[in-house]
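Below are two forms of the same protein chain, given as C-alpha cells: structure 1, then structure 2.
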Structure 1
Amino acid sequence: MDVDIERLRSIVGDENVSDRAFDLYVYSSDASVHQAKPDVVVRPGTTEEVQDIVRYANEKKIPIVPRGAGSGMSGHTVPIDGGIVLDMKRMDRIMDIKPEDVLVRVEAGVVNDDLNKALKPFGVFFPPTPSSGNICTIGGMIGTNASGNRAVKYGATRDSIMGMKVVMANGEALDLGSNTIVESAGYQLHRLIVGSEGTLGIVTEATLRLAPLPKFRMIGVVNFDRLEDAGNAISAIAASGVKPSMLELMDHVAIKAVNTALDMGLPDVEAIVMFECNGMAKDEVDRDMERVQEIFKEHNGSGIEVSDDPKEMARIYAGRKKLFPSLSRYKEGLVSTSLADDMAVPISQIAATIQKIHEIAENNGIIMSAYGHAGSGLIHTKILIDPSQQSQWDASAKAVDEVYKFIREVGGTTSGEHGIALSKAPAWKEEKADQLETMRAIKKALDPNNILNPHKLQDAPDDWVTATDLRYKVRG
C-alpha cells in the first residue's frame, strides 16, 4: 500500500513513525492467533495529531487500526489490509482527578493499574479489573467493554464511562457524554462507541466514573468434588441478595495447569471457587462472607478458607492470578490458544456449560479449560493444542462451532468482555443475525470509506482459520 511516510513524520515527528521490518512484525499480531503486517506504525501524542493522521488516511482511503497494549485475544488490532497501526500508548496523561465529582479524565493510553495507583491517595478507584490490568489501556478497555473479576458487583467498562473524546473517520473530534452521573437527552453515542473495537471512531480521551475504595475486604476459597454443585452454589448466591465482589471458578484442567506450572498443591477436585466480599463497614463484610459460606456448605462445598490478612489473601488468590500463563504448562507440546474464550451464560447454566465444554473437547480430541468470572456468568475457555498440527486446528474450529451453538441454545452470548474482532465473528454473527444490517448501516454512516479497523465485527470473514495468517508454523 502506498503510504506517505514523510507526511506522517511531519505530523508526529521522525521518532514516532516506523516502517522497519522489526516493528512491522511486532505490530502484526496481538494476543490472538492471527497475524497480518501493517505498512507503518505511527505513535501520536495528542488528539490533534490523531485528527491529522485520520484526515490523511480518509483522504487516501488507507486503513487505520488503533492499538493499545495489544492484549486483545481475538485479533482486534491485526491489520488485515495493512495500512496504519495507530499506537496510542504515548497518550498516557491522567488529566484531571475530581474525587468530589467521583470522576477522572484520562487519555486513551493510560494503563489501568497505573490509573488506580494514581487514584488510591484520593480514596477512589476505577472499578473494572481485567486480568491484564498491568498492561491494558483505557482505550482498549473501552474498545472491548472489558470487565474483570469484580464485574459481579461493579459491572463492566460501559457502566463506568461518563464521556469521551472521539476522532471520527473524517477527522472531526467529538466530545460525547457528559460530566454528570445522569444524562437523559438524545442518543447515548458514547455508549455506542464502547465495544465498537475501533470501527466507529478513535477514542483519545475518556471521562470515567469512580467508586469509593472499600475499607474492608475478605477473600475465601472453597472446593467442590462435583462441578454441578459449584455451579448451583454460585447460582444460589446470585439469587440470595448478597453482593460478593468476586466469584471466580477454576475447573480441574485449570487446577492441574497451575499445580504443574507453580507446584501450588491445589486440591484434586472438579472445581475451586474463590470469593471476595468488600465494603465500607466491617460488620457488613463479615455478614456477607458468613452468608456466602453458608450457601457453599449447603451445596457440598468443603475445605473453606477465609482471611482478611493481605498476605493470606494474596496466597489464596495466587492460583487464579497466575492461571492464564500456567495453561501452556499443562502438558509438554501443548500451547494455550484463545479461540472461544469468554462467553457469558445465564448464571443457572454455568455448570451445564462447563460440562458441555469438556464433552465437546473430548469428542474432538483436544483439551479445553473452563474458568472465569462465574459471578457474572462469564466463562473463559482456552484450547490446549499442538499448534504445528493442522488436524488440531481443524478439531479446534469444529469444537468452537459446537461450543457457541450450545451457548446460543442456553440463552448466552458470544463474548462477555474480550470482544469479537476475528476469532469469534462467525459465532457472533449468527447470534446477532437480525441486527447485522443495522450495524453495517451505522458503520457506513460514520465511516463511509471503511478506513477504521475494517473487516472486524459484522464485516469480519466467516472463517477465522483463514482470515489471516496464523502466527504459528503449521507443518501439516
Structure 2
Amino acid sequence: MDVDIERLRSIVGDENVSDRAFDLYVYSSDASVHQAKPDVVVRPGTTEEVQDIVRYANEKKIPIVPRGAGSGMSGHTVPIDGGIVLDMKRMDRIMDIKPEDVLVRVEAGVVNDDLNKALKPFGVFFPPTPSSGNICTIGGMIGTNASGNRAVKYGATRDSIMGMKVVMANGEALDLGSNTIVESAGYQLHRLIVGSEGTLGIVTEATLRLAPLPKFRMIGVVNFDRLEDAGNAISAIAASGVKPSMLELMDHVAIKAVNTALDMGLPDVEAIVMFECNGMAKDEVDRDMERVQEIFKEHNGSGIEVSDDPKEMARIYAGRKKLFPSLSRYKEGLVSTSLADDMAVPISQIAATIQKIHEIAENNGIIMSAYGHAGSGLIHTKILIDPSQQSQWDASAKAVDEVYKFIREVGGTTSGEHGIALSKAPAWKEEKADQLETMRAIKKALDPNNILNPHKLQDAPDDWVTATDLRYKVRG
C-alpha cells in the first residue's frame, strides 16, 4: 500500500512514525490468534493530530486501526487490510477530575489502573474492572465495552460513559454525550460508539462516571459437588435482591488445571464459587454476605470460608488468580488460545452451558475449561491445543461452532466483554443476522470509504481460521 510516511511524520514528528520491519511485525498481532502487518505505525499525541491523520487516510482510502495496549483477544487491532495502526498510548492525560460531579475527563490512552490510582485520594473509582486493568486503556475499554469480575454489581463500560470526543472518518471531531447523569431523547451516539471496536470513529477523550470507593469488603469461597447446584445457587442470588460485587465460578477442568500445575490442593469438586460483597457500611456488607451464604447452603454448597482480612482474602482468591498460569502450563506442547472465550448466557443456563462445553470438547478431542464472572452470566473458556497441528485447528473450529450454536439456542450472546472483531465474527453474524444490514448501513453512513478498522464485526470474513495468517507456525 502506498502510504506517504513523510506526510505522517510532518503531523506527529519523526519519532512517532515507524515503518521499520520489526515494529510492523510486533504491531501485526495482539492477544488473539491472528496476524496481519500494517504498513506504518503512528503514535499521535493530540486530537488534532488524529484528525489530520484521519483526513489524510480518508483522502487516500487507507485503512486506519486504533490500538491501545493491544490486549484484545479476538483480533480487534490486527490490521487485516494493512494501512495505519494508530497507537493511542501517548494520549494518556487525566484532564479533569471532578469529584463534586462524580466524573472525570481523560484521554483515550489512559490506563485503567493509573486512572483509579489518581482517583483514589478523592474517594471515587471508575467501576469497570477488567482483569487487564493494569495495562488496558480507556479507549480499548470503550471499543469493546469491557467489563470484568465486578460487572455483576457495577455493569460494563457503557454504563459508566457519559460522553466522549470522537474523530469521525472525515476528520471532524465530535463532542458526544453530556456531563449530566441523565440525558433524554436523541440518538445518544456516544452509546453507539461504545462497543463499535474502532469501526465508526476514533475516541480521543472520554467523560467517565465514577462511583464511591467502597469502605468495606469481604470475600468467600464455596464448593459444589454438582455443577448444577452451583448454577442454581447463582440464579437464586441474582433473584434475591442481594448485589454481590463478585461471583466467580471455576469448573472441574479449571480446578484440575490449578491443582496439576501448581499443586494448590483445591477440593476435587465439580465447581468452586468465589464471592465478594462490598459497601459503605460494615453491617450492610455483613448482611449481604450472610444472605449469600444462606443461599449457597440451601443449594448444597459446602466448605464455606469467608474473611475480611486482606491476607486471608488473597489466599481465598489465589485459586482463581492462579488459574491463568495453570491453563497456560496445563501440559507441555499445548497452548492456551482465546477462542469462544467470553460468551454470556441467561444466568439460569450457566450450569447447562458449562456441561455442554465439556461434552463438545470431549467429542472434538480438545481440552476446554470453563470459568468466569458467573454473576453476570459470563463464561470464559480457554481452548488448549497443539497449535502446530492443522487437525487441532479444525477440531477447535468445529467446537467453537458447536458451542456458539448452543449459546444461541439458550438465548445467550457471543461475547460478554471481550468483543467480536475477527475470531467471533462468524458466530456473532449468525446471532445478529437480522440486524447486519442495518449495521452495515450505519457503517456506510459514518465511514463511506471504509477506512476505520475495516473488515471487522459485521464485515469480517466468514471463516475466522483463514481470516488472517495465524500467529503460530502450523506444520502439519
Partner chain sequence: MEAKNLEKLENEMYVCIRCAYCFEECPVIRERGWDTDGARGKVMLSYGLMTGDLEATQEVADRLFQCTTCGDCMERCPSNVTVVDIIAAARADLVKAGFSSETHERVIQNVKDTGNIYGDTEGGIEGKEGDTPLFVGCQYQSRPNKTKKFIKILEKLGIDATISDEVCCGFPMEILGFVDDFDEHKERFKAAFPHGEAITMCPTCTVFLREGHDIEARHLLQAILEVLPQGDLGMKVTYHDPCDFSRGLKIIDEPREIIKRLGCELIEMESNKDGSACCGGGGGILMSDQELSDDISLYRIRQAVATGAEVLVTTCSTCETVLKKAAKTVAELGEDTITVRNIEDLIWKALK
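Sequence positions of structure 1, starting at 1, serve as the residue numbers. If you superpose the two forms and keep the largest set of C-alpha atoms that fall within 1.5 Å, you have the rigid core. Here the structure is a predicted model, which is why all the values come from computation and not from measurement.
By the stated condition, namely the form predicted on its own, the first structure is the one that fits. The two forms, fitted on the rigid core, differ between structures 1 and 2 by less than 2 Å at the CA of Gly155.
In the core-superposed comparison between structures 1 and 2, the C-alpha atom of Phe406 has shifted by less than 2 angstroms. The rigid-core alignment places the CA of Ser326 2 Å or more apart between structures 1 and 2.
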